[in-house]
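Just one chain follows, in the form predicted alone, and it is written as structure tokens.
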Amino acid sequence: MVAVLKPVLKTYADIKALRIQGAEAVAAKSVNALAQEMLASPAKTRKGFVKGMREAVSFLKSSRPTEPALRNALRFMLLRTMESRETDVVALKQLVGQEAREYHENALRTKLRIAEYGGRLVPKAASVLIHCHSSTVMRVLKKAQDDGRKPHVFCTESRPLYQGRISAKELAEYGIDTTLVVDSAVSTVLHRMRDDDPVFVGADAITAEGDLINKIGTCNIATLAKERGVRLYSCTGTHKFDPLTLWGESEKIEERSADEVWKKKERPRRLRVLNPAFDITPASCVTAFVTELGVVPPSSLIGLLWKRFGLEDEG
């Protein structure tokens, strides 16, 4: 086992146990843990410091290997440290601390931009369907509420861990008219929605084809929404893009413990439980991605992402 300090060990354990949920929160907490780890590093040389940082990054990434936001955030911090010509360990520690602060500042700016773009997509007195819990979607809906659009939001429970209840509670406490529905009531809700009422979801990953990886059940909702003629938007920063999919690597779908669905001591013997955490929504079912770069349809997203990740000369 890699020798890491308490902040990294605790963050790793909290992510594995889903005490930290959501791609944004997972990445943010991991960045904090990495910064604390490196500030306490006993390394005396640049080589030792970078080696310890590599090990901590690798360990944190393994807590949720299917999260591009986590991988991208940690990879960026590591690369910035490796690109630095600093040899003094104290200076390297200051650099890592500064990178962590800038990460959080950029994340906030990204969410505020997305909220501006997304809030405009909510008609006055609209019905909005959301799935699971996304801090970015929460900002979009709060912005719409603050702008006087007064939406009525339907939150799915988002089985098996009921993340939708987190969203419903947060929105209701903010003063937004909110209704919690079971996942299987999505079709009923969609048939009550007007053609200009939107569906908002977050994102755990975006592929090079413009496909959306998100909480299990998203594909079902997107398929029904398309059939009904209802727009579906994924509200997310471009840091959710997985560059590895540019070269044909498939996005892995995490398989969670059966105990989340039915505790082993309670379920019948020899009964199997399938519990995938995410599913893949094809680009054809996504109206647009609401990003810090604007509201972008999947067909146009890849060009922007190539520039975003400095890949213009690749391929």
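Residue positions are given as counts along the sequence shown, with the first one as 1. Treat the numbers as computed from the prediction; the structure is a model and nothing was measured.
The form predicted in complex with a small molecule is left out here; the points below concern that form.
Taken together, the three residues 24, 163 and 278 all come within 4.5 Å of the small molecule in the predicted bound form, as judged by their closest heavy atom. Note on contacts: among 151, 118, 198, 202, the single residue with a heavy atom within 4.5 Å of the small molecule in the predicted bound form is 202. None of 176-184, 211-219, 224-232, 81-89 except one has non-hydrogen atoms within 4.5 angstroms of the small molecule in the predicted bound form; the exception is 211-219. The closest heavy atom approach of residue 245 to the small molecule in the predicted bound form falls outside 4.5 Å.
With a 4.5 Å cutoff on heavy atoms, residue 18 counts as touching the small molecule in the predicted bound form. Under a 4.5 angstroms non-hydrogen atom cutoff, the small molecule in the predicted bound form lacks residue 122 among its neighbouring residues. Using a 4.5 angstroms threshold between heavy atoms, residue 110 stays clear of the small molecule in the predicted bound form.
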